[in-house]
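Below sits a lone chain in structure tokens, taken as the form predicted alone.
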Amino acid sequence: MSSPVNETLIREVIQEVLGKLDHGKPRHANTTSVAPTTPQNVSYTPPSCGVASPKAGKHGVFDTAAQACEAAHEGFLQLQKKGIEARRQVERIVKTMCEDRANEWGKIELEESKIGRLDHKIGKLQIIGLVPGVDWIRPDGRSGDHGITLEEYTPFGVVGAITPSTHSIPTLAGNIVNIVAAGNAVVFNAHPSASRCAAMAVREFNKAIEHETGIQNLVSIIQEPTLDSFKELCAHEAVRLLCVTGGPGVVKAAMQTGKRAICAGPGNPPVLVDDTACLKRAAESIIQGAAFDNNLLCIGEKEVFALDNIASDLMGAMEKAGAIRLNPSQLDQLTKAAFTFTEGQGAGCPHPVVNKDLIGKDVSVLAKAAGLNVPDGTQLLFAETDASHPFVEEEQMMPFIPVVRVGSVEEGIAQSLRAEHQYKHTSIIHSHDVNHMTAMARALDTTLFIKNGPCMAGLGLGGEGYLSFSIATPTGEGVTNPKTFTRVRRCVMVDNLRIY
């Protein structure tokens, strides 16, 4: 049996999560993991009575976590019988549907969540094809004097997944590709602010999967996610692994459940620009990354540190590239609208809390709060601030970015490290000095480190690599892929089967 779930902890933390967007929480969470006590190779047998039949739902959408987990377990058993080719079919179905229905589903998600930009909601669905699938998983064989060894990547069974409101359908779809490619089934508990569009996508995926493979409920979801459904999902015996994409609150709760958890937590990515950089390219990249989906990406540029001798030129280049600079009065008005201040715990100073009503909103909304009008098509606002400004300290997820002057590269790296809060998520540098790049990479030690490009280049969009919407920084797995959701199993033949 798994360790009992700490219901008090989960209720305290997740009540906060359900009450507001994940990224509006206090920054630092205790993420000490608890080792699972349930053996991962013990098969799960659904109870024969006392639990509602999985047939109570339809096409993967269920009223309770118990129903969804039972159904997903049955889907996993069906997938096992169908084999690897069925995994390929599911991968193709999800990627094709996301591309074909990107316009429709992007509109549906934006209408429900009311955050971000429609063109980028659509774009995030159109690129699901870049998520790695079945071909990513290859066995590792080795041969020696004493025989051969084969290591295979095998599934856990049922994965419980938590998705954010910022990228609901894209995260769900990318997780399905990775998780099913590894041979698992998956149960989702979506963020309440984007749960209807998630359930809609799951229903459509399952219709196609059942039609083409005969497998039912391989992907399941709780129709109306709640604190209790999250708790039940984490505690259910069929769920062998958790995948959580969200803020520090939900990450902390998942890591206290006694189950192994792959957690994609918050980020506050800094940008450092030195005096060897191409300022035109740096300005355009900063705008492109910070403005994407109104800065909802956890990898998105959140604050800029620029050497003092080029800071004015950089800000001029940003204005030429279309960003609008706020004066001190306008910045003050926007700051008052974007944050409320409460006493920090033990800090002795006010702690800023992001106004969730401005998160992911268009530039025109922020400009109005700052007391100005901006031309149609403006993608980003910026202003010069000091290093202690709330827009520097907090992962604010708005199409605004602060620019801070620093006297040296060493100071810029130190300020970047401070602003990143050691999430070890993402950092960016614009420089042609390899020593500066190396120093920042070593100091921040982030999962993604982008040089001379926008943040999206870290996920294969303009740079080399592959895509995932779940970047597991608190638990260390990094950019998730199918291998992330597997167990490594070793098969050894002693003194035989070697060719020579």
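When you see a residue number, it is the position in the sequence shown, counting from 1. This is a predicted model, so every value here is computed, not measured.
This next part talks about the form predicted together with ligand NAD, which is not shown.
A heavy atom within 4.5 Å of ligand NAD in the predicted complex is found for one listed residue only; from 258, 133, 266, 157, this is 266. This chain is drawn without ligand NAD; in the predicted complex, the residue among 209, 190, 286, 233 with a heavy atom within 4.5 Å of it is 190.
The stretch in contact with ligand NAD in the predicted complex, judged by heavy atoms within 4.5 Å, is 248 to 256, chosen from 141 to 149, 201 to 209, 177 to 185, 248 to 256. Contact check at 4.5 Å (heavy atoms) against ligand NAD in the predicted complex: none of 74, 217 and 223 pass. Put simply, residue 165 is close to ligand NAD in the predicted complex: some heavy atom of it is within 4.5 Å. When ligand NAD is considered in the predicted complex, residue 61 lies well away from it, no heavy atom lying within 4.5 Å.
Although the partner is absent here, residue 395 is a contact residue: one of its heavy atoms lies within 4.5 angstroms of ligand NAD in the predicted complex. Remark: residue 446 does not count among the residues lining ligand NAD in the predicted complex, judged by a heavy atom distance of 4.5 Å or less.
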